[in-house]
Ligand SMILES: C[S@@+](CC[C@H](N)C(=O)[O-])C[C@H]1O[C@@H](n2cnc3c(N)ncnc32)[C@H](O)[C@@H]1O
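Listed next as structure tokens is one chain, alone, in the form predicted alone.
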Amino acid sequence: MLRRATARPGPLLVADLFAGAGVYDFAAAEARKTGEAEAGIGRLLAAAGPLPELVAPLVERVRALDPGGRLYPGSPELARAMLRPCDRLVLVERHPREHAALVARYAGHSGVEARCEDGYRLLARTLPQAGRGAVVLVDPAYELEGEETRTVEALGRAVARQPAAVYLLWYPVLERAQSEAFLGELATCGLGGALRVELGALPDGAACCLTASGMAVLNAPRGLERWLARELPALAALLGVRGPRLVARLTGRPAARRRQPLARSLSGAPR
């Protein structure tokens, strides 16, 4: 998405609304406890032969960050590496420790701003800005009660304000019925027609845990749907996963292509 967005003229705003710490240590206790790194990026790093085009740039970036393979670049690090001098990266993280890690890592980088704020509030009221290209990543943990509702409400307000931006929404699949209900709500708030992509590690209902990850992409580049449909089978085979794969469109009507003036600027000061 960022490769396509940065190929266009004009400045780009990238907003990562649940940014985390930016870079993660595979040797940390939490990473070792879940085993997700070994089952995911660990398999890709150890793969022999050419990698699927879908993940080859990620593996290249992981190796560039740390040839030893201990550190993993989160979305802030991946975005920062791809942006041009004219672009701006806004990293939002409410957790004080992770926000401090962002500040320490990106303090000297021009065009990168780390903010300790509520990502939902910024999405609903301020981000993205009208009048400039924007890519907005929304990937909350969905650990708190009512987070799905907050996500739908905030996205609905953002899309109504700036329907031309690219919105990337990550969602987990734990119980299929719950995930489908959430996606149905999204389709009514302006994300109708958004591209929906899922890769499942396990069949639906196989365990009381995360069985699949999904992404809803509003204003996806032309051709992305066909490309993902070609790439996902090769990635699934490489990872050894046996859950469902899906590339489809959300039902519902898209938001009207109308920009509305912002009540506040990005800095929060009245316009």
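Numbering starts at 1 and follows the sequence shown. All figures in this text were calculated on a predicted structure; none of them were measured in a lab.
Absent from the display: the form predicted in complex with the named molecule. The rest refers to it.
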Checklist entry - Which single stretch, out of 195 to 203, 158 to 166, 178 to 186, 118 to 126, brings residue heavy atoms within 4.5 Å of the named molecule in the predicted complex? => result 118 to 126
Checklist entry - Looking at the partner-bound form in the predicted complex, is L12 within 4.5 Å of the named molecule by any heavy atom? => result no
Item to check | Contact test in the predicted complex: E153 vs the named molecule, heavy atoms, 4.5 Å | outcome: no
Next on the checklist: Taking the named molecule as it sits in the predicted complex, is H95 near enough to touch it, meaning that at least one heavy atom pair lies within 4.5 angstroms?
Outcome noted: yes
Checklist entry - Might D139 be said to contact the named molecule in the predicted complex, defining contact as any heavy atom within 4.5 Å? => result yes
Next on the checklist: Which residue, P172, G74, G133, G111, is the contact with the named molecule in the predicted complex, using a 4.5 Å heavy atom cutoff?
Outcome noted: G74
